[in-house]
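Take a look at this single chain in structure tokens; it is the form predicted on its own.
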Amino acid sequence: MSFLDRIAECNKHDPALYRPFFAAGRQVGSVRHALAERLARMPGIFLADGKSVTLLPEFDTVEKRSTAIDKAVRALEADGIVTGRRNENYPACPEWGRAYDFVIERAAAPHFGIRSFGVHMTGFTRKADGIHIWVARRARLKPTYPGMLDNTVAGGQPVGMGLIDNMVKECGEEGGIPPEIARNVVSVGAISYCMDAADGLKPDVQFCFDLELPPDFTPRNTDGEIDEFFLWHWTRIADTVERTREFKFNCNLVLIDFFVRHGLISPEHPDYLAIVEGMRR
């Protein structure tokens, strides 16, 4: 196994499994063929054929499109297709910074192949023997990826909130990091990937942040989403990423990006360019 294996796992994607999903005159996602057939049976919401699915143009405002999508999502929940409602609205926005076409329940976004955005923070401290990173273990009762290792703090990016404000909020909820410390987060870029998942397509983007924490600070979870934290030397984390699948899939990319940016994976590494290029698909 290698870092490239972790990157490849986040980019396993077969376009033949999907039909493009259009709304407001542009492609906003992709749906699997079976779901397209189910959407075709929702009268007055979609136009679906063998090539694509389109939200009817009569829904000509963000509010109308959002209401129509919500009606469809609730029907899919009744069918048992969409599960694990989070009651968080994600913007349907193929390109960050552009106006969104509608909002969609977080749990339904992959089913429609909607690009999701999130914030991931690597909290670290420096000791005599080098960089140590706080690793989180996801709650074992969490509906998604239970019990897996995770970045120090991470969360989805809901509509109506700025990235920094969301990062600070997640720091408080997931790591008990007070605002006066969390506001020191440093924006360090983004990673992206496109992968087939059990619930659809994930063509997602994660905005990455670093936070150097005081040596005497210990994160503590306050929202029940994390079971425990560990402070590990970066080499132990790198070995875990490289040799196992213990971390949630996209957290691997965030950590590999951290290793590159901090010179922990050096340009002398034989896979260096492939690693760097693979982080943004």
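Please read all numbers here as calculations on a predicted model, not as lab measurements. Residue numbers here begin at 1 and follow the sequence given.
Not pictured, yet referred to below: the form predicted together with another copy of the chain.
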property: Partner contact for Gly160 in the model of the complex: another copy of the chain, 4.5 angstroms, heavy atom; result: no
property: Partner contact for Gly80 in the model of the complex: another copy of the chain, 4.5 angstroms, heavy atom; result: no
property: Contact test in the model of the complex: Gly25 vs another copy of the chain, heavy atoms, 4.5 Å; result: no
property: Partner proximity in the model of the complex: Trp134 to another copy of the chain, non-hydrogen atom cutoff 4.5 Å; result: no
property: Per-stretch contact check against another copy of the chain in the model of the complex, the hit in 90-98, 72-80, 139-147, 171-179 (non-hydrogen atom, 4.5 angstroms); result: 90-98
property: Residues in 244-280 with any heavy atom within 4.5 Å of another copy of the chain in the model of the complex; result: Val260, Arg261, His262, Gly263, Ile265, Pro267, Glu268, Pro270, Asp271, Tyr272, Leu273, Val276, Glu277, Arg280
